[in-house]
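Before any questions on how it binds or moves, here is one chain, the form predicted on its own, in structure tokens.
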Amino acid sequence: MQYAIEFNSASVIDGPTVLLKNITFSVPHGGKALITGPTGSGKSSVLLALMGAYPVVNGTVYYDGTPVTSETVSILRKSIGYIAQEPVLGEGTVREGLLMPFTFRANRSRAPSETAIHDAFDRLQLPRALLDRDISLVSGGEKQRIAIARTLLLGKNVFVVDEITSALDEASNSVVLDLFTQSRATVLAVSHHPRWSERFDMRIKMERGAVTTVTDSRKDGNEQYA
């Protein structure tokens, strides 16, 4: 079976520090996987290894069956929507920040219509009037949802998200959670929010840079021990 995301005994070392140790798990196409664990356990490092920001020293990380390497990472990043806890939207108005990726040559032909922009904002319960507001005046929770809207407009089918609920109130959190769990997209997320743990198919628990357990609710709640 070819998975959307697969870690096969992958390890990451940053200087003298071991960030990840023999990480093994796989997420099928359309799967929703949540990484949990205490601060410093390596959750964000897993996401960055997938995105090619941390080179793997042992084992392999695969995206859609292709090993993640310095040669393949640029292609991978065209398919994956990575959303950080504190997204960078640039300067100027919200509209300018939203459309910034479409100024790049690779995306110019995919610039969204006004209808598509409004639809993305409506889905995330963002007021359309926000489009003309200066980014410096936007709240943290609004920035997180704007970053999600931008990823939706780019047509990504895989979302890699890192603690994006940190600045959201409960209503906004529910909107974002519904959007991810009810879509056909593959989602690999880091979150401490208990509702995310309840709604995701897979739960990957980490401690000290290693996976301790993988629980998959689609397998009758059977727990796989790493």
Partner chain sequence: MNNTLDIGLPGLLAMYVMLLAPLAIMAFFIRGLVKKTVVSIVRMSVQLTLVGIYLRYIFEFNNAYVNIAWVLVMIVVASVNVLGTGGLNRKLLLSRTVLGIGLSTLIVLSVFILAGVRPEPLYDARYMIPLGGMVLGNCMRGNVISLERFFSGIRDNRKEYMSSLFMGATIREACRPWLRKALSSALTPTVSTMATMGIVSLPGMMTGQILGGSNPLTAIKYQIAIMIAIFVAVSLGAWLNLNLCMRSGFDERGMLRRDILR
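Positions refer to the first chain, counted from 1. Think of the rigid core as the biggest set of C-alphas that the two forms share within 1.5 Å after superposition. These numbers come from a predicted model, not from an experiment.
Omitted from view is the form predicted in complex with the partner chain, to which the following refers.
Proximity to the partner chain in the predicted bound form holds for none of P127, L131 and L168, with the criterion being a heavy atom within 4.5 Å. The contact with the partner chain in the predicted bound form, taken as any heavy atom within 4.5 Å, belongs to V88 out of V88, A116, L137, A111. Only one segment in the set 191-199, 34-42, 47-55, 177-185 has any non-hydrogen atom within 4.5 angstroms of the partner chain in the predicted bound form, and it is 47-55. Within this chain, D14 lines the site of the partner chain in the predicted bound form, having a heavy atom no more than 4.5 Å away.
The partner chain is not drawn, but in the predicted bound form it has a heavy atom within 4.5 Å of R150. Mapping the unseen interface onto this chain, P101 counts among the residues with a heavy atom inside 4.5 Å of the partner chain in the predicted bound form. By the criterion of a heavy atom within 4.5 Å, A120 is excluded from the residues contacting the partner chain in the predicted bound form.
A displacement of less than 2 angstroms separates the C-alpha positions of E207 between this form and the one not shown, with the rigid core held in common.
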